[in-house]
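The chain below stands alone and is given in structure tokens; this is the form predicted on its own.
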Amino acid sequence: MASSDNSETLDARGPTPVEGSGLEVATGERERVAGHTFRAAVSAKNVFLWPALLVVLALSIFPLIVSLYLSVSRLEFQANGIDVRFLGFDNYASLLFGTEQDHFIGVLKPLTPVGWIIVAVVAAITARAFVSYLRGVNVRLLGLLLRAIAGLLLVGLVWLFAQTLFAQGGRPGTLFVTLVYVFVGIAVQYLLGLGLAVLATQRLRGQRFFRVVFLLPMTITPVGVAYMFRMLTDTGKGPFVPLFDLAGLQNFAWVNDPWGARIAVMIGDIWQWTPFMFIVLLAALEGQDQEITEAALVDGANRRQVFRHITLPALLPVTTTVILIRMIEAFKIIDLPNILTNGGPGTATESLTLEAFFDWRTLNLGRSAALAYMLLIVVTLIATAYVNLVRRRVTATA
């Protein structure tokens, strides 16, 4: 029986190649062919992959390098060519401390008591967050340094913002106008989108129709939205003239009042981008586990408690992503303020992107590139701080 088993095992494995036999030569030939086939497949993949990858890298990295060089230079078009002069950080210095400071940061005035209160509250919150990190378990030197820098930048930004907005005679520049667009717009968009998503998950008659209607603003181009709101806000010839007359706004012009013009821009932006929040949050709500909600209701929790303690924590990961995407996009707002108000009155509604566009249109390419990089720095700092802050909340609730 043992010999029979051994013979079956040998038969299953196949005959063993004998040195110098034809079977050994055939096996080696198959291995060489397999090796050549594998190397040919890898070479073919590299041949098709690397050219496309190099094109993508060239299209992405080359403009960044050129724009970075332009941001520290002055480019002038002449009859016999182009004159590029290296200026160092003069373009950035003019934005932060020089002739363009009033345009970029704003007109700075001494703080009022309200401004000091706002700065003190933000400083206290920042200090508390820093102390809580020091009391944590995993305290790292790099993390400590980065949080200290981020905290100082945040307090300094709020201090400058208070000097332009909460000070007598102060005026916010394009940096703070952009921040107002971003934070106020995203907050309203998220609240409206979440409310509409909650309504759309209820068993209401005609909810499919309203789901389609809610998505229509997102299908319109920003230029189209800007021209539409320019027509709607016209108190002299627009379709809402009877309503404006009833409200006593016959001679009122949105573009003559700084905050009226900013509100008009924000309303158009909110109207267009609330559907984005709505569709993402609706998908997240419909994907939640209903057994947990039903169990909470059976245990005696009401709808408000379920929404606060179950629904909102479950939405936190999706909320983090959708707000981050919308934040990055909101910093690039240009169509609405350009078409609705042309940045006016004065520079009251001018965003950073619109200011860079105006400089580019007047062939001041160096300062336009410097503005673009200032915008990149601001977006990177705010997005990084936001992700780190929310990631701790997500980890704590997980």
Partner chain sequence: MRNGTRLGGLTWLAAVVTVATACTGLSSSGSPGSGAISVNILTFTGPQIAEPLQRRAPDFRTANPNISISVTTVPFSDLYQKILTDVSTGTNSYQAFVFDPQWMGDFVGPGYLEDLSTRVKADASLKWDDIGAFFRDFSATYQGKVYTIPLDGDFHMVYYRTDILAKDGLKPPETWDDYLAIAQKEQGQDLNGDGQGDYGSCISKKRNAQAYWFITSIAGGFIQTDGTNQGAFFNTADMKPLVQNEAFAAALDIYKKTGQFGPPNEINLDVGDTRGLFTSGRCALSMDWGDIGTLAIDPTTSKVKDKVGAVILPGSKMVLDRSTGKLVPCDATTCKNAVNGINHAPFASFGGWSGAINGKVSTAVKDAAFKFLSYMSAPEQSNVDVTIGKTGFNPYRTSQFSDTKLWVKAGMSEQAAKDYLGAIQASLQSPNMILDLRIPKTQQYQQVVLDKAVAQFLAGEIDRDTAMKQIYDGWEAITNAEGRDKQLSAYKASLGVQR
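Numbering follows the first chain given and starts at 1. Model, not experiment: these values are computed from the prediction.
A second form of this protein, the form predicted in complex with the partner chain, is not displayed here; the remarks below concern that form.
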{"query": "Contact of residue 75 with the partner chain in the model of the complex (heavy atom, 4.5 Å)", "finding": "yes"}
{"query": "4.5 Å heavy atom contact, residue 237 and the partner chain in the model of the complex", "finding": "yes"}
{"query": "Any non-hydrogen atom of residue 253 within 4.5 angstroms of the partner chain in the model of the complex", "finding": "yes"}
{"query": "Residue 135: touches the partner chain in the model of the complex, heavy atom cutoff 4.5 angstroms", "finding": "no"}
{"query": "Check all three, 168, 173 and 179, heavy atom within 4.5 Å of the partner chain in the model of the complex", "finding": "no"}
{"query": "Candidate stretches 110 to 118, 95 to 103, 154 to 162, 123 to 131 - the one whose heavy atoms come within 4.5 Å of the partner chain in the model of the complex", "finding": "95 to 103"}
